[in-house]
Ligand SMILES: Cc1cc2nc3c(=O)[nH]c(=O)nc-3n(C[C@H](O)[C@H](O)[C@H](O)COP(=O)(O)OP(=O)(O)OC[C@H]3O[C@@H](n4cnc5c(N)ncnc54)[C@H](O)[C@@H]3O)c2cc1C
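Just one chain follows, in the form predicted on its own, and it is written as structure tokens.
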Amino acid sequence: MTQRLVVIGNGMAGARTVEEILARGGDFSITMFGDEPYGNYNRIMLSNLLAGVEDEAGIYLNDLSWYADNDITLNAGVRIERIDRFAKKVYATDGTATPYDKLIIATGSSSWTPPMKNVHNPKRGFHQGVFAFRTLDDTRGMIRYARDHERAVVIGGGLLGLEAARGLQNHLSDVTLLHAMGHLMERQLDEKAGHMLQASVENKLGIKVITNAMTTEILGKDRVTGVKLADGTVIPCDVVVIAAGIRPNTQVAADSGLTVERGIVVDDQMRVQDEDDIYSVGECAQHRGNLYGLVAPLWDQAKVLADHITGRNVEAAYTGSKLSTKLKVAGIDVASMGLIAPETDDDEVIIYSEPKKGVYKQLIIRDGALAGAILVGDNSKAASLIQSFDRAQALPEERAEMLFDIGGPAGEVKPEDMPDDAQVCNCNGVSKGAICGVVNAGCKTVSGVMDKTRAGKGCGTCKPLVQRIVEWAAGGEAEEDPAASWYVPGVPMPKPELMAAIRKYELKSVSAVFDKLVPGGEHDAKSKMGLASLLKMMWADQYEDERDARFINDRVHGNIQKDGTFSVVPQMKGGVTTPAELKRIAEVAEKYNVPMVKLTGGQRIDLLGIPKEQLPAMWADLDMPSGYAYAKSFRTVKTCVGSDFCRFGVGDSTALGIAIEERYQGLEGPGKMKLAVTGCPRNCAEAYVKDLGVVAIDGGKWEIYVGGAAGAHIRKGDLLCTVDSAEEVIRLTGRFLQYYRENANWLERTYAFVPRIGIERIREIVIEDVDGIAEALDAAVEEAVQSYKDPWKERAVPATPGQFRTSLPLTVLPQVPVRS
């Protein structure tokens, strides 16, 4: 007989438990209640959302359709205020009463606010400009408010506070982190590691950190103007984010007469104490005196609860978790497990410290087993250490082998050497055995396994290991994913079919493509950039630009660097410049205190470390066109001096390089396009290893090579043809580039495209015109050329109000080294 299952809480633990129950075929009529008016999202990813590296669509674990597909009644945005455990009903704030046979409480935790004067406003909750950092709404509000302000203070130097501070740097120029304790992440790191992390946060990220900082008061009458510390220090700010910890949400359980101590007390089957039909799981549950806030224990609890409640294994027991975590904290590698300090005189302690590089490693060994470890700045050994810690494995005699690859085990774990219960995805608690189980059940594609297990769906750092395990479990090679033939992941069509549909329906914007060609019209963030490039290639000046479809580089026309600043590379056609241009570049570099001026591999000058809001002024002062050092587009034509000066030159490579660059500058493509022209076969401009390289040979002829590369991939280009004139080179260059633009996969460079199509086939199409499309290719590239506009002209009238708004650390730019 179908039982009525009610779940209070639609967060990660509640939804995951329901997933586990569904996976076991539990015969329940399921009703869920959640405080938030959304589906189920990954709360861990809120920091990525704040940092702008993920959009909202990317953090959902289950959208609303998942509930409908599984016949789950979701009451989103409805709070349960009372449980009548005798009548077996839950009462909601909307006045409804819902009966149950089994009840699961997964109410999670809430952000904790330390006692501070003026933190709350009686009329609106938090004071104007003060935010917690716990929910999607918190994050949205923070982003909206931060856009119009400059300075932020984050209260709390734990993991959440660090992530909040790093994320706020995307919106505010000045971020200060306050921590009441003596060092950062004191629960996971010892004092030395905490200080090492602090140095990295300050020096590499430009975030000011103050420890032993007890915030006592929020300043400002109508809105935040600063905070005051216990020692009287006042820190001016416009935004305050509180990330000082969490507290279990147990009020409804306590009000309903359930046993609550620090959390809702449960047994090993996750049943609430003295209740046969009420369970609790997740951060609100207290098991054997412990509360758990990491994801992996919650998943373990969900499995046990599901086994028990469905009868799959009524003896299943959760006996607690050994806590370990491996992650990037504000972009810095950190791992911690077990003890953070020795507890007995017999505890063996191994420490390696390299302060200048921000690397700190500590092991604590007890009775020959790993009892604790801390890694800061280098997580390469984290996986093997976690495995040793979880399984209490025997350790090598040479302890250094646990921290370094010096004759010890390889840093990369082999799938065949891993036990089945070795955890692969720490974010979602997925083991090697779970991955292999999905493969053995018939799913042999990497993406399919990731979808079914969620391995790799958290921070994503385990994806390479997931792929190796899938390939190993599949017998050596994973099957091709049907979606692999799609041009972009969110539109189920190969490129030719997609282009045909775009033309048929005259779809000229990214939104229009999603609305017309995607079942359900879902907009996929990961597909936008590829679609925008494709549409611009197809429609030229008829393309309807949507700025949110662009990557940040294309929105501000500069290459974003690892510290969040941008590089400015003015165009020097063919690598040629003038004294006047050089002088202007030097003056601009001095005026804006550019941290580094560097020559690029493409014969340009790179001004590195430029804050976003300075870009328009710099472009105006330079008064030179964009050098396109950031886009998936035609970038440069590198040249040698050719026949003008070189004793061996047989062709005017400089003039031809300039002519090619003038004609095809800024041309959009599936990948970046780097070209070169060299004046003789000595090849000083390295034309053989360019996407398209031109080489002058005796007799006034030119050879054209395509598909070369000398970056992460090395490939000598294939000879496409030999022609008699520079004009013919220019014409065939455009035709080849257009053929590549129309037929390459998204992000497929020519070094992969040319071998895939075959140089003979490309020669048939581009040179011999056996398909009769040469004229169309010429016309299409001509249309693109005619639509060219220098993107740096947007300095005069920004495309959006926030296009060049301050968003990144500006006062300290430590990650762009200043070299004398």
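One-based numbering along the sequence shown. Model, not experiment: these values are computed from the prediction.
What follows is about the form predicted in complex with this ligand, which we do not show.
A.B. asks: If contact means a heavy atom within 4.5 Å, which one of 550 to 558, 130 to 138, 186 to 194, 619 to 627 is the stretch that engages this ligand in the model of the complex?
C.D. replies: Partner-contacting stretch among the options: 130 to 138.
A.B. asks: Give me the residue from Val706, Ala532, Ile80, Val272 that has a heavy atom within 4.5 Å of this ligand in the model of the complex.
C.D. replies: It is Ile80 that has a heavy atom within 4.5 Å of the partner.
A.B. asks: Looking at Val510, Leu160, Ile242, Leu692, which has any heavy atom no more than 4.5 Å from this ligand in the model of the complex?
C.D. replies: Going through each option in turn, the one that passes is Leu160.
A.B. asks: Using a 4.5 angstroms cut-off on non-hydrogen atoms, would Ala752 count as touching this ligand in the model of the complex?
C.D. replies: So Ala752 does not count as contacting this ligand.
A.B. asks: How about Leu49: is it within 4.5 Å of this ligand in the model of the complex, going by heavy atoms?
C.D. replies: No, Leu49 stays farther than 4.5 Å from this ligand in the model of the complex.
A.B. asks: Do Gly108 and this ligand share at least one heavy atom pair within 4.5 Å in the model of the complex?
C.D. replies: The answer is yes: Gly108 has a heavy atom within 4.5 Å of this ligand.
A.B. asks: Look up in the model of the complex whether Glu661 has a non-hydrogen atom within 4.5 angstroms of this ligand, and give yes or no.
C.D. replies: Result no; Glu661 lies far from this ligand in the model of the complex.
A.B. asks: So, Leu205, Gly564 and Tyr592: all three within 4.5 Å of this ligand in the model of the complex by heavy atoms, or not?
C.D. replies: No: none of Leu205, Gly564 and Tyr592 comes within 4.5 Å of this ligand in the model of the complex.
A.B. asks: Across 736 to 755, which residues bring a heavy atom to within 4.5 Å of this ligand in the model of the complex?
C.D. replies: The stretch 736 to 755, when checked against this ligand in the model of the complex, contributes no residue at the 4.5 Å heavy-atom cut-off.
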